[in-house]
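First, one chain by itself: the form predicted alone, in structure tokens.
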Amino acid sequence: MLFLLFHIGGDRYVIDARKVLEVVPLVKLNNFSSAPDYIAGLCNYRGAPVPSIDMRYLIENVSSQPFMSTRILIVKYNAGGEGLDHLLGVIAENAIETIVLEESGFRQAAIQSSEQNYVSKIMTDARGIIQWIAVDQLVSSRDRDILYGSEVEMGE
């Protein structure tokens, strides 16, 4: 299975490449004042405003650095399990490589502490631990309403 690999500090994370529509350079984001702190802002993706999550802020409470390797991953985000896909930007540092991993090599993450359980599975290889980010779990239901409005609840 193909994954997009990125790093936060010395930790490695992957996102299922089937969820990634495009990898774009880090661009200036517009403020989204009512959004939670881990939402870095809105990016303009092909004329559509796309809320963008800062993964480093979400995990470490520190904003991502604007390195040449910092990218915005435009992903398909299923907002509520109704088959409704929305666009979501995922800001990731050192997002410059793909990796093929066997899905069977992952096991369920042991820590499931909140509704926002975005690390769904983990595995180890010769270089250490790899954590699988479940894109559809990146945003809590409360924050989904802020980002995408009532259409999520209505299934429109």
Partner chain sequence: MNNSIENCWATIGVWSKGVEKCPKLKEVLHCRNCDVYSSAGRSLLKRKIPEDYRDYWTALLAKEGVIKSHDTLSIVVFRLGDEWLGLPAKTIKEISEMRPVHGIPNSKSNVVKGLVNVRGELKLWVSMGTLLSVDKGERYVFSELRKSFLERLVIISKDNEHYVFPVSEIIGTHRIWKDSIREVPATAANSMYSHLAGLFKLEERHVGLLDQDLLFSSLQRSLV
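What you are looking at is a predicted structure, and each value in this text was computed from that prediction instead of being measured. Residue numbers count along the first chain shown, from 1.
Below, we turn to the form predicted in complex with the partner chain, even though it does not appear here.
Novice: Hey, of 55 to 63, 23 to 31, 101 to 109, 118 to 126, which bit sits against the partner chain in the predicted complex at 4.5 Å between non-hydrogen atoms?
Specialist: Of the options, only 23 to 31 has residues within 4.5 Å of the partner.
Novice: Classify Tyr38 as contacting or not contacting the partner chain in the predicted complex by the rule of any non-hydrogen atom within 4.5 angstroms, answering yes or no.
Specialist: No, Tyr38 is distant from the partner.
Novice: With heavy atoms only and a cut-off of 4.5 Å, decide whether Ile96 touches the partner chain in the predicted complex.
Specialist: Yes, contact at 4.5 Å.
Novice: Looking at the partner-bound form in the predicted complex, is Cys43 within 4.5 Å of the partner chain by any heavy atom?
Specialist: Yes, contact at 4.5 Å.
Novice: Since the partner is left out here, which residues of 124 to 144 would have a heavy atom within 4.5 Å of the partner chain in the predicted complex?
Specialist: Residues within 4.5 Å: none.
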